[in-house]
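Okay, so here's just one chain, in structure tokens, the form predicted alone.
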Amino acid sequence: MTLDIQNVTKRFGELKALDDVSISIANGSLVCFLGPSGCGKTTLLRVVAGLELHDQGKLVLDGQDLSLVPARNRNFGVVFQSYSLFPNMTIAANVAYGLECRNWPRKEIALRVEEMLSLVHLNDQARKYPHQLSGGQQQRIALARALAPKPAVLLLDEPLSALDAKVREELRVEIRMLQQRLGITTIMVTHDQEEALTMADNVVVMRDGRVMQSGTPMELYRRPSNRFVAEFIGWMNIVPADMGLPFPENGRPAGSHPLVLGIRPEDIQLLAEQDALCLLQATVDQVTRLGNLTRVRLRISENGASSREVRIMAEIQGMGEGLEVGMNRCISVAGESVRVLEWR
């Protein structure tokens, strides 16, 4: 079921929380709305869920306009950050709740509850209450409850942000595998770029209520269309366009705004000073060895002028043997690895 968000605008008084947002979400895909706090990603999810009414635009699911369809009739499953389980009901009763509201027969409810608890590997917890489970287990139950009524779309509102790092990493894998197994169209809101890059088929990067860029994780990482996306997705070195680094073959973008160059740390090569590929001289300011990876912070002083100091970070494989603070190294970057970005 393809979900089309067409020119959606949402205002809260004078604040424009969503500004002419248009996105197409393919059937069976997992799409992440990604951005900093206040960018509009949660508002957009709530508009899709029917929990907020938009002021302009349309929501179309397989040709049907959902704009005036109440949330209870959209057949969307929602998982909130806070789990929202009923504390006075058993785990089985929590999962069954949505089915009872839809008047499923008792036998079918029992079978579906058993199936859902098996799906999230918590069959043995059916008679317990939410407070008797860990945070990760409670979120699995919230997911089972959302999936039980066989929703057309699954909506996840920062479902992992309340969990500790190890559990969060485990649940990323579980949720993604579950989504792929069921083939259910899923939208997830997150501010965690690693979460989005590792889980999503497509990522929608938002800022100030607008879509800055959307695409696959690798498209956003390797080919950011603007400086905001370049710096928000992973680490990006930003240097002046006239520092002496090569421009890619596509050259300068159209427009009159000042330009900068974006370079990923892994695309920087550190060479001996006499190497023929040397582009810029740099001084090693910091070396951080992380086992199979070494991060090197460097200071570039163009032509020895302190007024043009630029600091960048390089990542090299291995332990970076021989690299020490204060050493001089030569920087080389392939032109195809450089992104030309507008300053703003």
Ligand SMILES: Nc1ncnc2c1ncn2[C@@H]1O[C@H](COP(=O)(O)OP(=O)(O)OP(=O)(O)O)[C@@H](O)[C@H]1O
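What you are looking at is a predicted structure, and each value in this text was computed from that prediction instead of being measured. Counting begins at 1, following the sequence as shown.
Here the subject shifts to the form predicted in complex with this ligand, a form of this protein not shown in this document.
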Q. Out of 227, 191, 264, 112, which one falls within 4.5 Å of this ligand in the predicted complex, going by heavy atoms?
A. 191
**Q.** Partner-contacting position among 21, 25, 331, 17 - heavy atom within 4.5 Å of this ligand in the predicted complex
**A.** 17
Q | Interface segment, criterion being heavy atoms within 4.5 Å of this ligand in the predicted complex, picked from 32-40, 53-61, 311-319, 278-286 | A | 32-40
Q | Exercise: residue 201 in contact with this ligand in the predicted complex, heavy atom 4.5 Å | A | no
Q: Could you list the residues in 151-169 that come within 4.5 Å of this ligand in the predicted complex, counting only heavy atoms and keeping sequence order?
A: 158
